[in-house]
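Let's start with one chain on its own, the form predicted on its own, as structure tokens.
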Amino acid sequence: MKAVRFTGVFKPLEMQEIPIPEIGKRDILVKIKAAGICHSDAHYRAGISPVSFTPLTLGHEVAGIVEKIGEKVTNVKPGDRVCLHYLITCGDCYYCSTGNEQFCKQGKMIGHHANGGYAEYIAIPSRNAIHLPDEIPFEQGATLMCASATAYHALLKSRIKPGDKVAVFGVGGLGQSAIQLAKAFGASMVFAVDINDEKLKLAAQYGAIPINGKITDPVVEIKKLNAGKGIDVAIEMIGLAQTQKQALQSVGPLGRVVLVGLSDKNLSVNTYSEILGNEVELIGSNDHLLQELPKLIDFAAKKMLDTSQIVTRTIPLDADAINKTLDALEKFDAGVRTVIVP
């Protein structure tokens, strides 16, 4: 089969011909119909987040059709439409048994620690398959597995409640989902902070108040539009020290700041004025959980989460096209979400 693979830091991804993967008794083989290109993939290529081995097939946002099942698989059958939870875990350890499988010591993320979705087929444990309703296209189903799922988990971590005022820093694929989900949770105001006019226009369509960080100070503007007060929840999706700082400074007393974006830089914090004085909580949000995905799919099926405009471009399984998308992501100029359609 064809696969576009990572061969080393700072090197362009390469198209390779590799065998179709074998499956075990509890595994499934999925014919890939869509694979999203995430900003994390650009981080892997740049060496910000190291991968486990090379060559490696990237891609952790995956949807497709079940092609083959192992003899002990009962939850899906050949022909089923599925999207894939990207974390492969043991299923038996303390963290797995308590619903916190992202801390499983044997956990492997597809496209990072195991071969992923920039390919024609993928083999994965059947428990990672989530049924994808017919009304959700494969392209949108793929992005639900990271962009939307990570946003959903971050909002759950923030303990958002009806009436809260929320700011989302970075409104790419994750941020656009976070805006809609915050509204679904009952947020009374949602601010969208970015420097890309097209992303801000889309955020406004989803009911957010757009703030262009290139032409105004987001912290000053948020407080100005909120009667001079800090907000309740800030979600940082970019991973830049500047926007992490802005998120921290935008909240008021008892505010919750959730950091989602990957960064290799330290965050400098004034412990009294930014944390202790207002009893602000700084919360890390790490991926998402398998148990959260059926509810997320339900949100999308009921149109409470509209992902139709989040997929701004589709490209073929082509190394040049994928590398160009990763180049644009490194410059924060790649639209909302590009999806590979093999």
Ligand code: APR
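In this text the structure is predicted, and so the values were computed from the model without any measurement. When you see a residue number, it is the position in the sequence shown, counting from 1.
Not pictured, yet referred to below: the form predicted together with adenosine-5-diphosphoribose.
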Kindly confirm or deny that 39, 240 and 332 each have some heavy atom within 4.5 angstroms of adenosine-5-diphosphoribose in the predicted bound form.
yes
Quick one: from 84, 174, 235, 182, grab the residue that has a heavy atom within 4.5 Å of adenosine-5-diphosphoribose in the predicted bound form.
174
Residue among 93, 73, 195, 248 with a heavy atom within 4.5 Å of adenosine-5-diphosphoribose in the predicted bound form:
195
Heavy atoms within 4.5 Å of adenosine-5-diphosphoribose in the predicted bound form: which stretch among 129-137, 257-265, 159-167, 94-102?
257-265
4.5 Å heavy atom contact, residue 288 to adenosine-5-diphosphoribose in the predicted bound form
no
Do residue 33 and adenosine-5-diphosphoribose share at least one heavy atom pair within 4.5 Å in the predicted bound form?
no
If we define contact as a non-hydrogen atom of the residue within 4.5 angstroms of the partner, is residue 43 a contact of adenosine-5-diphosphoribose in the predicted bound form?
yes
Consider residue 199 of the chain shown here, and say whether it contacts adenosine-5-diphosphoribose in the predicted bound form, taking contact as heavy atoms within 4.5 Å.
yes
